[in-house]
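There is one chain below, alone, in structure tokens, taken in the form predicted on its own.
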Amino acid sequence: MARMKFLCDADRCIECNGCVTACKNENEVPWGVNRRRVVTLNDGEAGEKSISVACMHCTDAPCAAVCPVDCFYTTTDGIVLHDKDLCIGCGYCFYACPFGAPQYPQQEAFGVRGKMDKCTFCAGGPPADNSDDEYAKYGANRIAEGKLPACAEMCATKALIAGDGDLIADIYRKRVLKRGGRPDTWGWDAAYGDKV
């Protein structure tokens, strides 16, 4: 069975935030919540790199391990989803996640912030696939339609790729070999020459 994963190639990411915009538009994410964000390391310095970050759909998800009501579950494809009907908004998942994926949808006092929100890999949630209830709570279910997440499909440089973990690892491996395996090698031909 496939294990769905994201991979962001820092040598291709140009910090355009197209992935962030695609996610917000596709899923009508509430104001103040970014299911995906672009982080820049060494901003303005030589060797600056940008990377698109969201829920990494961990194999042994720390958010699920600390949840007192077990509202996190993993699909057969390895996608970690969250049941908002069970969530009590305690915030344990927020503190356990090393990627900052679970977020409160409201900026209010602790205890009245409501249910957590996180990246769903565009796989919806527990309600029936592509139902109005599912879309209202979790956003689009592109996986049920046979599509990849909107963020990966909208990436102009194909820095962000999504799908079966083994396949995206092979794609990244080919890119690194094409570049000569050295992380400091950069340029149009080196990064984009093979169209992988």
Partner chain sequence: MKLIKKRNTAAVDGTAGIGLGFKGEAVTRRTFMQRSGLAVGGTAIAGMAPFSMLRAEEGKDTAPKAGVETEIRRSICTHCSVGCGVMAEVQNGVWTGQEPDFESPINLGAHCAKGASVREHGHGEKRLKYPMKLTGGKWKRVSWDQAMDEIGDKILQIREESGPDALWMAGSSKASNEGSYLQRKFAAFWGSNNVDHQARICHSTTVAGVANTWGYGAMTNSYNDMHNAKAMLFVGSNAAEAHPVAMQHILRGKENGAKMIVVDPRRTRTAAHADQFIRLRPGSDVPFIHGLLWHIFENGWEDKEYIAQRVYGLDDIREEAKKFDPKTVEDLTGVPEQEMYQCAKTMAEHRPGTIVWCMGGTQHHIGNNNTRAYCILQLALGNIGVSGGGANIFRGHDNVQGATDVGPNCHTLPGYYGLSEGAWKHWARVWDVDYEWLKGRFDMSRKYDAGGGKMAYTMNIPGMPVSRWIDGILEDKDNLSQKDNVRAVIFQGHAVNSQTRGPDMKAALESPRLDLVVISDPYPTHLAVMSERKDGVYLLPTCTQFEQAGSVTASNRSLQWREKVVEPLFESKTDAEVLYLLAEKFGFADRMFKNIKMDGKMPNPEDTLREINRGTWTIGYTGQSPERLKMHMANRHTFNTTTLQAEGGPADGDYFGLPWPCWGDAEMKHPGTPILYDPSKPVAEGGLCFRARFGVERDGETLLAEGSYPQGSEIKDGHPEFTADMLKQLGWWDDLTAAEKQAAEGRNWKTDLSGGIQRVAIKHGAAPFGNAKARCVVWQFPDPVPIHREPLYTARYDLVSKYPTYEDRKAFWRLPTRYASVQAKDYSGDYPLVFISGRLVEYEGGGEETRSNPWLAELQQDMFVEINPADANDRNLKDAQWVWLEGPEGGRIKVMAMVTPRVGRGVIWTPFHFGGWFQGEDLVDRYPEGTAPYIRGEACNTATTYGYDSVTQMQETKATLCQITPA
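Residue numbers count along the first chain shown, from 1. Quick caveat: nothing in here was measured; it's all calculated off a predicted structure.
What comes next is about the form predicted together with its partner chain, which is not displayed.
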query: Residue 91, heavy atom within 4.5 angstroms of its partner chain in the predicted complex; finding: no
query: 4.5 angstroms heavy atom contact with its partner chain in the predicted complex for residue 57; finding: no
query: Touches its partner chain in the predicted complex: residue 63 (any heavy atom, 4.5 Å); finding: no
query: Interface membership of residue 52, its partner chain in the predicted complex, 4.5 Å heavy atom rule; finding: no
query: In the predicted complex, residues of 142 to 179 near its partner chain [heavy atom within 4.5 Å]; finding: 142, 147, 153, 154, 155, 156, 157, 158, 175, 178, 179
